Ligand SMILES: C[S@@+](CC[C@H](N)C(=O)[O-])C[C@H]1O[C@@H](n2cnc3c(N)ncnc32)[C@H](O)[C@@H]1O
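Only one chain is included here, represented as structure tokens and corresponding to the form predicted alone.
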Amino acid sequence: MKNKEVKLTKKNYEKDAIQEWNRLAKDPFHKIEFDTTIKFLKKYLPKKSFILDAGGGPGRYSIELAKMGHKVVLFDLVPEHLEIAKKKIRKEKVQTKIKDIVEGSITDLSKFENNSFDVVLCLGGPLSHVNPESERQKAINELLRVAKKGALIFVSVMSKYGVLLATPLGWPQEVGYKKHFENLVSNGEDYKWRGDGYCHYFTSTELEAIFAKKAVQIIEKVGLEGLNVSPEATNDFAKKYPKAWKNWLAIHDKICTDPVIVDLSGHMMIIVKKK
């Protein structure tokens, strides 16, 4: 039985499934998350890995990894996402590398055996849509269970301090709902995500704590958008000052693993290795 938050998440994404495909490529601000994630995947992934892309949406990361020569299983909660993925996979001619496309929740990966994958991904924030804490622990346990010994696991979530930093420019009206906003600040809970969805915003300390009692080695934490908190300001900067924007991206690459930057970014990613 799907709980309330899973139902809200599925309903929210299926309303406009193509939005998630477009999100990571539609402008310079959103491309930072994708490009930074890909940079760290390239840094750490073994060649020709067998990868589970859990919560992979319409498959943008799966397709990119397939182009890099990896074999991928795409897994997502929303059937509309997977239908888009099938079309995009055919268009990009990477069918031979996408070994399966499976519908389901990251809290239940029972369709896969223990120690199945060289690498496990949970990118873009699927874990932020899981509630309560016991279910988030369950999701992490499942991601680790299907990973082979020595496998790398990449998990990205939405950031509490990142969303707070963006609030004055992005959604000041949210602060008007006093109890709602106080709950977001104290607990990271947001039941007004995209209007009627659910999101849990993490601190880097909280994200690391989820893995602290697991049999993993923490490799790195990354602030995926870095200090680019305003889509409008970032896109305007990139358009008007292309030379400066190139320099800014180089700076972002240098500072995105700084602990302060990790917490202030809109999305943060943790990379761990299963012992």
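Everything numeric in this text was worked out from a predicted model, so none of it was measured. Residue numbers here begin at 1 and follow the sequence given.
One more form of this protein, predicted together with this ligand, exists but is not displayed; see below.
Q: Sort through 98, 146, 130, 155 and report the residue having a heavy atom within 4.5 Å of this ligand in the predicted bound form.
A: By the 4.5 Å heavy-atom cutoff, the listed residue in contact is 130.
Q: So which of 106, 119, 199, 184 gets a non-hydrogen atom within 4.5 Å of this ligand in the predicted bound form?
A: If I apply the 4.5 Å criterion carefully, the residue I get is 106.
Q: Hey, in the predicted bound form, does residue 57 get a heavy atom within 4.5 angstroms of this ligand?
A: The answer is yes: residue 57 has a heavy atom within 4.5 Å of this ligand.
Q: Answer with yes or no whether residue 124 is in contact with this ligand in the predicted bound form, where contact means some heavy atom within 4.5 Å.
A: Residue 124: contacts this ligand in the predicted bound form.
Q: If we define contact as a non-hydrogen atom of the residue within 4.5 angstroms of the partner, is residue 6 a contact of this ligand in the predicted bound form?
A: Yes, residue 6 is a contact residue.
Q: Residue 140: heavy atom within 4.5 Å of this ligand in the predicted bound form?
A: Taking the distances in the predicted bound form, the answer for residue 140 is no, it never comes within 4.5 Å of this ligand.
Q: If contact means a heavy atom within 4.5 Å, which one of 73 to 81, 87 to 95, 200 to 208, 110 to 118 is the stretch that engages this ligand in the predicted bound form?
A: Looking at the other structure, the answer is 73 to 81.
Q: Taking this ligand in the predicted bound form, which residues along 15 to 30 bring a heavy atom to within 4.5 Å of it?
A: Heavy-atom contacts within 4.5 Å come from 20, 23, 24.
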